[in-house]
Ligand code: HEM
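Only one chain is included here, represented as structure tokens and corresponding to the form predicted on its own.
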Amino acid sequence: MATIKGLLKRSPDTPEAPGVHPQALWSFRPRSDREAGDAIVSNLLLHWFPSKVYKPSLDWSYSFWLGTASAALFLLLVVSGLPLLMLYVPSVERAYQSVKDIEYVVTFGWWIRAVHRISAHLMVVAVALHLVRVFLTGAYKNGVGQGQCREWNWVIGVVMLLLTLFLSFTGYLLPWDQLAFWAVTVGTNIASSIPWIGPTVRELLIGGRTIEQATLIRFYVLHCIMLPGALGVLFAYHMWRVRKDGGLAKADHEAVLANQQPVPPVASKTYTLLGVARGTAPTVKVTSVEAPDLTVSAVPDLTRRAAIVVLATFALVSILASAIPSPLEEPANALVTPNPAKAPWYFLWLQEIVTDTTIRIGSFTINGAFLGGVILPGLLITLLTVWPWLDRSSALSTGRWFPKDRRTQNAMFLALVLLVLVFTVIGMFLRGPYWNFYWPWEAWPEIPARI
């Protein structure tokens, strides 16, 4: 009897039986490699992570965890958008007043709106920087893994960037103030410059020939249902493809250079012909691409760093929302045109290109809206999409920052990125009335609003 009681009374230091997980949060705080592996299989939240990850893939200086930050910002947009969804009225008569009530009447409504607005802007920046990082490291190229399709995951990333831009653009109109109304007017006018189908495209986008109730409803539905749904589905597929492709591209690079270490042959395996050959057996060399000293369990090493990035993103947005108020100008008025009327900041580079490509030679005028607003951006997006199939750099350059055989294409890519940034700065700070250029030390002339 005493022996049975002694067996039933387990001391605190006695290890648990394999497969038994008594603590509530064992999947987030595993005590062994076995529990870490079980956590990936049994926990729905962690199931998209691999059981083992390469240590170099977790380096802060490689990916800067921009993808995780983008996902955190998208989560913030959804969470902060839910109370705004309940309080906002998508009507041209009541939209502006409902936003004003959120800003000045609802408790902490100003902060929720600021969180939503800043998260949207930061998500555009984070997704764009994530795309830049993937290009510069050649992470869209396949490595040594079997069945990799990193090129198509790159295409998914480009589509997600476009959806992020349009998600922010559709939300820009919802306050129904002068800033929103005329920014959307400038943006949709660029679409109307497409020959033959331009006016039809604009009418389809805004629901008519003028920006009114039909436009507000369409943008509201796109912003709250269709675009977030499409972005969420693509994000889930994007993460699944990262998992299927063997993790980040740096893991493949490390597998080629560092992980192929010679290991002794297995003693129980027969290497000679049918095991009946006599004399000296042929020399056998085998390699292992799974280096235990370069891999760690996804739980808690990967999950801990992901949690740090998510919490840091939340903290940054919260601080910025407390310090930067959300703008709300006068109610939208189609009869009063601000001078200058500017597109949203992430489309200012397009507006600047439209101006620079509008050329007048006598009575002949080159349509800058079509050339700079449609043709050039279309070619840029097409080239960006198909570039993984045009890249001829070696597999050794996959997952590396600035390898030698990618210097030319990385330099050209950075030049294009710098050009977009310069055009954005010019459009934001150096364009004044009538879209004229003014240096920072030059005063803008007093121009009354056009009626």
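Throughout, we count residues from 1 along the sequence that is shown. Since we're looking at a predicted model, the values are computed, not measured.
The same protein also exists as the form predicted together with this ligand; that form is not shown, yet it is the one meant from here on.
Colleague: Could you tell me if W65 has a non-hydrogen atom within 4.5 Å of this ligand in the predicted complex?
Modeller: Flag for W65 set to yes.
Colleague: Verify the contact flag for V127: yes if a non-hydrogen atom of it lies within 4.5 Å of a non-hydrogen atom of this ligand in the predicted complex, no if not.
Modeller: Although this ligand is absent here, V127 would touch it in the predicted complex, with heavy atoms inside 4.5 Å.
Colleague: So, in the predicted complex, is H121 in contact with this ligand at a 4.5 angstroms heavy atom limit?
Modeller: Taking the distances in the predicted complex, the answer for H121 is no, it never comes within 4.5 Å of this ligand.
Colleague: Can F219 be called a contact residue for this ligand in the predicted complex at 4.5 Å between heavy atoms?
Modeller: Taking the distances in the predicted complex, the answer for F219 is no, it never comes within 4.5 Å of this ligand.
Colleague: Looking at 29-37, 422-430, 55-63, 404-412, which lies within 4.5 angstroms of this ligand in the predicted complex, counting heavy atoms?
Modeller: That would be stretch 55-63.
Colleague: Is this ligand close enough to A139, L161 and A249 in the predicted complex that each of the three has a heavy atom within 4.5 Å of it?
Modeller: The answer is yes; A139, L161 and A249 each reach this ligand.
Colleague: Quick check on this chain: which one of L179, A95, I102, L131 has a heavy atom within 4.5 Å of this ligand in the predicted complex?
Modeller: It is L131.
Colleague: Report the residue, out of F314, F166, F235, W345, that has at least one non-hydrogen atom within 4.5 angstroms of this ligand in the predicted complex.
Modeller: Filtering the options by heavy-atom distance leaves F235.
Colleague: Can you list, in sequence order, the residues from 70-104 that come within 4.5 Å of this ligand in the predicted complex, counting heavy atoms only?
Modeller: The stretch touches the partner through S70, A71.
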